[in-house]
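Given as structure tokens, the chain that follows is alone and in the form predicted alone.
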């Protein structure tokens, strides 16, 4: 099987950032194919030929097309040499998977709704309305069409945003509690749980300053800083193209 890897991704953020950072941590070279989500590149014929669902990221390896960011991370860890990103102990593996499921099903949708209302919607709302509607109609999955319309036209209700904010607050509390007990999220070593968590939480001090700051969440901030300082993280964030990647600079330590 060919070891050549091609990764179709957007910014090193949320879903795209997870396999990007996992590949970097494993030391796996890959061909980077930037898919401009704000230009709806993921819904154009060339990309739909790779992933008919029109979701990003997607990875090509050995003739296989792999989708779903968390599943890709686990594949990367199992398929390639390099530092193990899953611990050997079954209890620790369970904890890694518990945190990844919590991130994907609880925190990620809430962060996404807040981020779309603040960043994605305004970023594309200035385009021609007919062009926007045509782009939305090309989205293969009906639920994604609905989500894009809500984001672009700022149709999230106050109740929806409040519920997302409530979930984020609970998630931050659970993260701080866990990281007060150990240096890494799932066990005493860096794992896929940390890769997953960093991609969602790296900008917390900017996006949720009232909930995540030096006084309220010192363990989260130290955890984020240690991940940010890893060479693989710097390598990954260098692949970003939008202003979004500059948010990670909030994690720079002040000179002593």
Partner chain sequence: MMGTSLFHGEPNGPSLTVLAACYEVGAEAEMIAIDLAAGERHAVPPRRREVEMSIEGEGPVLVVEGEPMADSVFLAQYLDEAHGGSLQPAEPYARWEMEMWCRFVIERVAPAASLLGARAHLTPKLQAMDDVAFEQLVAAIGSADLAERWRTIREGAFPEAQIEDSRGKIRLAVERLENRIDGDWILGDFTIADLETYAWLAGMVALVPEAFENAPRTRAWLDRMAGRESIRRAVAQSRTGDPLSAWAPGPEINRWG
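Not measured: the values here are computed from a predicted model. Numbering follows the first chain given and starts at 1.
Not on display, but discussed next: the form predicted in complex with the partner chain.
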| query | finding |
| --- | --- |
| Stretch in contact, per heavy atom within 4.5 angstroms of the partner chain in the predicted complex, of 62-70, 42-50, 208-216, 28-36 | 62-70 |
| Non-hydrogen atom contact residue 174 with the partner chain in the predicted complex at 4.5 angstroms | yes |
| Close approach of residue 153 to the partner chain in the predicted complex, 4.5 Å, heavy atom | no |
| 4.5 angstroms heavy atom contact with the partner chain in the predicted complex for residue 147 | yes |
| Contact flag, residue 133 vs the partner chain in the predicted complex, heavy atom cut 4.5 Å | no |
| Heavy atom within 4.5 Å of the partner chain in the predicted complex - the one residue of 109, 122, 140, 82 that qualifies | 109 |
| Residues of stretch 76-97 in contact with the partner chain in the predicted complex (4.5 Å, non-hydrogen atom) | 78, 79, 90, 91, 93, 94, 95, 97 |
